[in-house]
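One chain follows as structure tokens, the form predicted alone.
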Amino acid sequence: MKITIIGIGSVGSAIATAVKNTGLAHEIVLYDTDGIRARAAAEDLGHAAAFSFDVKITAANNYRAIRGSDIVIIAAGANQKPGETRTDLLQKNATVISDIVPRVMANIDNKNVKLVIVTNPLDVMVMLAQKLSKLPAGRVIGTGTMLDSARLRVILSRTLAVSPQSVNAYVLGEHGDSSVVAWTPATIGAIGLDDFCRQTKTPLTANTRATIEHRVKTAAYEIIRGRGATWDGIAGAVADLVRSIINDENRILTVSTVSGVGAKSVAMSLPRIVGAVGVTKTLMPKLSKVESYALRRSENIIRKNYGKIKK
């Protein structure tokens, strides 16, 4: 399995390490317009082979090197700075994606390749990449709210004193400020969240839920304020997504892909089955009226932001 990562900044480098540590790739190409940076990253990561999996690490600043890639991960573009929202990056990163995707498609086999999009604002970039690549929607996959959902599970697990592995809860919609915490379908083990709280006598009040939602939605801002950028969490999400594709696991992940036709098409995160061919099915959990309204609002925000791109 040959995997290319485009954009070797802090996020791309962390993704390279996380993907390498899955042991599922035989070759990883690190592409960056800055060839010196790419070579340094490849050399550094290559040295780590002495301690883990022996993976061929190749540096490149020429797209010919990505030929034969099965998965191309696009992590290039401007990152959020303290005080910025993801949508503040809209036009500058749309320009980056518009440059990268045609060059990628000119050098890969479009019959099998999967594009994994990490660049923010994520959902809009997925829509743009799918349009430019002309690939089936299920093979242009954004990491979506995988990380948001992970944050929700971890915070809930600490609140309820259970393992995150036992928490089945999702964040839906935009990977951004309009994301929706889906409380209604959330379960702990096989038990509905409200029932679990009653049985364990662990109250989860409206105020507590609002605090959890706030922490989930502002987690990235807090991390950026403290360390300048987020990279470990998203790297873990990408590695998890790559694992599900390579191993054909058909796991349910809250990834972002384009659905709908024409003006009604939009990319946003819903629970989706992900395997070797990419996304095969989209699922819709049962939501409350308030959650359904919030999800429609999130969808409209994504579509409106996509319309702002100068194409």
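In this text the structure is predicted, and so the values were computed from the model without any measurement. Residue numbers run from 1 along the displayed sequence.
Another form exists, predicted in complex with a small molecule; not displayed. Remarks below refer to it.
Screening D54, D248, D34, E43 for any heavy atom within 4.5 Å of the small molecule in the predicted bound form leaves a single hit, D34. Between the options L122, V180, I141, I73, the residue in contact with the small molecule in the predicted bound form by a heavy atom within 4.5 angstroms is L122. Segments offered: 159 to 167, 126 to 134, 228 to 236, 180 to 188. Contacting the small molecule in the predicted bound form at heavy atom distances within 4.5 Å is 228 to 236. Relative to the small molecule in the predicted bound form, residues K20, L115 and G278 are all farther than 4.5 Å at every heavy atom. The small molecule in the predicted bound form comes within 4.5 Å of no heavy atom belonging to S149. Among heavy atoms of S10, some come within 4.5 Å of the small molecule in the predicted bound form. The shortest heavy atom separation between T87 and the small molecule in the predicted bound form exceeds 4.5 Å.
Taking non-hydrogen atoms only, N107 never approaches the small molecule to within 4.5 angstroms in the predicted bound form.
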